Ligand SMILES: Cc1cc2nc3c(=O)[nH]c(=O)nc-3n(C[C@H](O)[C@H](O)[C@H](O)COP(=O)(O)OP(=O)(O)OC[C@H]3O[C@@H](n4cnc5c(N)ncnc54)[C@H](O)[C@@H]3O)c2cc1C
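So this first bit is one chain, no partners, the form predicted on its own, shown in structure tokens.
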Amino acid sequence: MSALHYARPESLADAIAILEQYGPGARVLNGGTDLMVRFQKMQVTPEAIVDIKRVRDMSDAIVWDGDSVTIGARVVMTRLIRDERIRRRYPALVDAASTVGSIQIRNRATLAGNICNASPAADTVPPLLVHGATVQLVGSSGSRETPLDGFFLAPGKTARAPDELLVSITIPPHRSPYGAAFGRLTRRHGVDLASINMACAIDAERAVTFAFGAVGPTPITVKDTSGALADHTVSDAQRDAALQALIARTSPISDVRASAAYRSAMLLVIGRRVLAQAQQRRADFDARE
């Protein structure tokens, strides 16, 4: 077994050069809450670990530009959760970040890392998807911005090239009233991966978007085209039928956390709750602001 190369660059250019040198054999260390566990279990055997915690150009700031927000790659979950403006405008993202691991993990784990890990069950991804988030990638060929929807290619695989780093996540502004909510189901209370998770958003035009996690190889974003999910005059049966049409886009499997049948059944149950909370938050949006 060849020796492991550990690098701790202090500039973005140096970090990218190392990633370019080692290609797919390099692994990026940011919070490290997932990488180090997998490394210790020999689930990953990288040629190089590139520690980006001292990279000057990798921000740990939350920057607002009007109602648009950009979250730096080194922003940890705890900082995200405690940001008062994030709490007011993106409570679904706060709810999701609050479920990531334990307090100790949230003090280390970053939002960028949760994205780049590309777990189908990543809790912060569904809220980011329904909010229309984009990610900025920087590599040897320059900088590019890409929608988060489409960034995930397979479990553990993203559209990030081997020589690229995700440097920030941007959530665009939304015209009020706007509401979003997050929900998840686990085997037990406490630290556990989601058996299913989801987010729902209702915009100013009453368009409804759902994003589902842990029910396919990648997160799934779907929009209601029937209009029934935002129509208070339709019956519960009509609303359930519209929700089932969205759920039909998922492809849950059976594993140690839940059976495919149980996941399918609970998607409807949790979907009803998340939709109702998103509707209430949309009604409360102006009051929060």
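Residue positions are given as counts along the sequence shown, with the first one as 1. A quick note: this is a predicted structure, and the numbers were derived from the prediction, not measured.
The same protein has a further form, the form predicted in complex with the named molecule, not shown here; the description that follows concerns it.
Asks: Pick from 101-109, 210-218, 140-148, 80-88: which stretch has non-hydrogen atoms within 4.5 Å of the named molecule in the predicted complex?
Replies: Residues of 101-109 come within 4.5 Å of the partner.
Asks: Can you pick the one in 28, 247, 55, 258 that has a heavy atom within 4.5 Å of the named molecule in the predicted complex?
Replies: Here the answer is residue option 28.
Asks: Which pick from 62, 35, 228, 222 sits with a heavy atom within 4.5 Å of the named molecule in the predicted complex?
Replies: Comparing distances to the named molecule in the predicted complex, the residue within 4.5 Å is 35.
Asks: If we define contact as a non-hydrogen atom of the residue within 4.5 angstroms of the partner, is residue 164 a contact of the named molecule in the predicted complex?
Replies: Because a heavy atom of residue 164 falls inside 4.5 Å of the named molecule in the predicted complex, the answer is yes.
Asks: Answer yes if any heavy atom of residue 160 is within 4.5 Å of a heavy atom of the named molecule in the predicted complex; otherwise answer no.
Replies: Taking the distances in the predicted complex, the answer for residue 160 is yes, it comes within 4.5 Å of the named molecule.
Asks: Answer with yes or no whether residue 121 is in contact with the named molecule in the predicted complex, where contact means some heavy atom within 4.5 Å.
Replies: Yes, residue 121 lies within 4.5 Å of the named molecule in the predicted complex.
Asks: Using 4.5 Å between non-hydrogen atoms, is residue 113 touching the named molecule in the predicted complex?
Replies: Yes.
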